[in-house]
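We begin with a single chain expressed as structure tokens, specifically the form predicted on its own.
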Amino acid sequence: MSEFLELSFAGIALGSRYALVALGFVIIFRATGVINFAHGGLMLLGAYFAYALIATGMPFALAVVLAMLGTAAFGATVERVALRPLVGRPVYAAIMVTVGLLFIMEQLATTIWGHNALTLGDPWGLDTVTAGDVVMPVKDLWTIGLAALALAAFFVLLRYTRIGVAMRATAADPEAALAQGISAGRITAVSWAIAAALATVAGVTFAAGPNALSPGLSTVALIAFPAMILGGMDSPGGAVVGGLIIGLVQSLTAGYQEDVLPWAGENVHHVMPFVVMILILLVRPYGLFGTREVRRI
């Protein structure tokens, strides 16, 4: 039982990171109707920005906050320069632009910081907390706390601020929002900025501690992608639930694979998020919390 609880706790910590990434996908999709494949690049650059600041001797927390602001500004700039000219064009054109942006961001990161693995430092150490027979790493507790704080801040912004109300109005009915004087361009830029800031937090939590920062970090977004799909492409709450589900599935599969699926291979836990996504979509094509599209004939 203690092993199950420890694996579940590790899965929640992992799922919290995935939730941050999935929420970034959802924010931009709600604002633009475009799946942003460049999101992994924003996560990568955000983590490298934090590394560059930490390398100057800056405190870890301050470096992360400044990296969030820097990546947010970068994300808003990318939207203004590369995506806004495509407004009114076919959606696939914007999607292909985000794919191109991902490769550009990855190349930019390797040009500046190289291909070698770097360390963000170890702000949490290897300390653990014991609750009964369950051993919980302090770094996972911090990860869950940081993710919860970032997610709570977003939902407060979305519900209780003017810009949050404008974002919800634009997502619900773009034409009505425009008629009320809400600038679609401004909302899109803010959405990219918020998604980029959340991506930075996710990138830092994935790369900090005993892990290493390398250009391969951007591929994490592909693993988090099923969290967005199974939660619902337009549902922020669904992104959080989807992230937690994917994290738990990966952790439990990795922990019990040798006992349950010894024939499946060593890395089957990397595939399981996509298996779960397919199974959910077969039953609920719009995801667990996605808005069902209604067509009138």
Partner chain sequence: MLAVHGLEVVYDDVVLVLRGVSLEVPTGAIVALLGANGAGKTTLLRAITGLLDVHRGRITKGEVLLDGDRIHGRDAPAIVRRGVAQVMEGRRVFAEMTVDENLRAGGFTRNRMQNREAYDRVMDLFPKLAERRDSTAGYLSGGEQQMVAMGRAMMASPKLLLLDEPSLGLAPRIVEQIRDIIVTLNEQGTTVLLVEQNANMALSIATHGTVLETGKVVKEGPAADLLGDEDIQEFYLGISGGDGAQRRSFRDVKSYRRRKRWGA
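Residue numbers count along the first chain shown, from 1. Note that the coordinates shown come from a computational prediction; the quantities given were computed from them, not determined experimentally.
Heads up, the form predicted together with its partner chain isn't pictured, but that's what we're talking about next.
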Where does its partner chain sit in the model of the complex: which of 132 to 140, 196 to 204, 155 to 163, 93 to 101, heavy atoms within 4.5 Å? 155 to 163
Under a 4.5 angstroms heavy atom criterion, identify the one residue in L86, L178, A212, L222 near its partner chain in the model of the complex. L178
Each of D173, R186 and T291 within 4.5 Å of its partner chain in the model of the complex, by any heavy atom, yes or no? yes
Would you please decide whether A169 lies within 4.5 angstroms of its partner chain in the model of the complex, comparing each non-hydrogen atom pair? yes
Is there a non-hydrogen atom of A76 within 4.5 angstroms of a non-hydrogen atom of its partner chain in the model of the complex? no
Although its partner chain is absent from this view, report whether I182 comes within 4.5 Å of it in the model of the complex, heavy atoms only. yes
